[in-house]
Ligand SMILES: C[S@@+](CC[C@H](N)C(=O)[O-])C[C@H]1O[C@@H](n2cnc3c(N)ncnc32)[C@H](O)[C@@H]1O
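One chain comes next, on its own, written as structure tokens: the form predicted on its own.
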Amino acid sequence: MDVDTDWEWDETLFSGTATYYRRGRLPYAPGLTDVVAEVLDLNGRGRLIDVGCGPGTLALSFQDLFSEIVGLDPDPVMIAVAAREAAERGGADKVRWVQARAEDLPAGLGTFTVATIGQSFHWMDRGLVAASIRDMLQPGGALVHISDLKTERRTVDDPAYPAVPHVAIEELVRNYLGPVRRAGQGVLQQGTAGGEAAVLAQAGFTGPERRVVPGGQLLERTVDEVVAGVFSMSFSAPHLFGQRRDEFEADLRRRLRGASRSGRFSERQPSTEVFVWRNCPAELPC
């Protein structure tokens, strides 16, 4: 495990967060599906596995690009929320939801054309998972690593409403949970690991091909949406506050109302960064 040598994964990592994702998390940039379809020349056939699928955000956005999709996540509530969302969208017959850790792969799931990981690779035993995924991909298949672009400017010029007070929110979380970032039953003294490129190259993938799907759209956020966003995060998951959960939420709402009389905030849609890694045996040009 290479997240933090003093931290071990446990099943409470995202406990209680699933129901907050849809309302609280910012969406991936518009056009993500089109970019992935273009880069991989997708035609509605093939199999996709979305590893660490959460409530199905990526898996369901790609459902028209594959004949079969598997979403895998260790959290049972994430799987339940994903299945409910699939039923609402009319795609339940195409998607299979599997409750398991990425470290359990291949888990008898067969081979796939494409694997996706969206902002969850850092929670995994990355070397083990990367090797397992490569073995599960068909020759010439692709692993697509997707995340918000972290390096762009996110401030809003001439906003209609005040900006979301992220610094104040982070300070409030620390006041309740302590100065070191929480993660499940443990803490991350040194944060999550980076260096995904080296891990994937060592596992035998070639690439990557990088694309940026532009964001920048001005989003309007309500107090309820900002609160949901806070409770959707591993480091401020509802269970971490214990008996002080309601107290924390009341305090958070007071601070948000103090930051915006209208109860609305302006926030910039992040761009989405896409890295495509290929499973290319020596005898197969990619």
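Note that residue numbering begins at 1 and tracks the sequence as displayed. Worth saying up front: this structure is predicted, and the values here are computed from it rather than measured.
Omitted here: the form predicted in complex with the named molecule. The next part is about that form.
A.B. asks: Would you point out which of 195-203, 167-175, 102-110, 83-91 contains residues with a non-hydrogen atom within 4.5 Å of the named molecule in the predicted bound form?
C.D. replies: That would be stretch 102-110.
A.B. asks: Since only the chain is shown here, I'm wondering whether G229 would be in contact with the named molecule in the predicted bound form (any heavy atom pair within 4.5 Å).
C.D. replies: G229: no, not in contact with the named molecule in the predicted bound form.
A.B. asks: Answer for T57 alone: is it within 4.5 Å of the named molecule in the predicted bound form, judged on heavy atom distances?
C.D. replies: Answer yes; at least one heavy atom of T57 falls within 4.5 Å of the named molecule in the predicted bound form.
A.B. asks: Is there a heavy atom of F248 lying 4.5 Å or less from a heavy atom of the named molecule in the predicted bound form?
C.D. replies: F248 lies outside the contact set for the named molecule.
A.B. asks: Give a yes or no for Y28: in the predicted bound form, does one of its heavy atoms lie within 4.5 Å of a heavy atom belonging to the named molecule?
C.D. replies: Yes.
A.B. asks: Of the residues L137, V144, V95, M124, which one places a heavy atom within 4.5 Å of the named molecule in the predicted bound form?
C.D. replies: Flagged contact: M124.
A.B. asks: Using a 4.5 Å cut-off on heavy atoms, which residues of 118-152 contact the named molecule in the predicted bound form?
C.D. replies: The stretch touches the partner through G118, Q119, S120, W123, M124.
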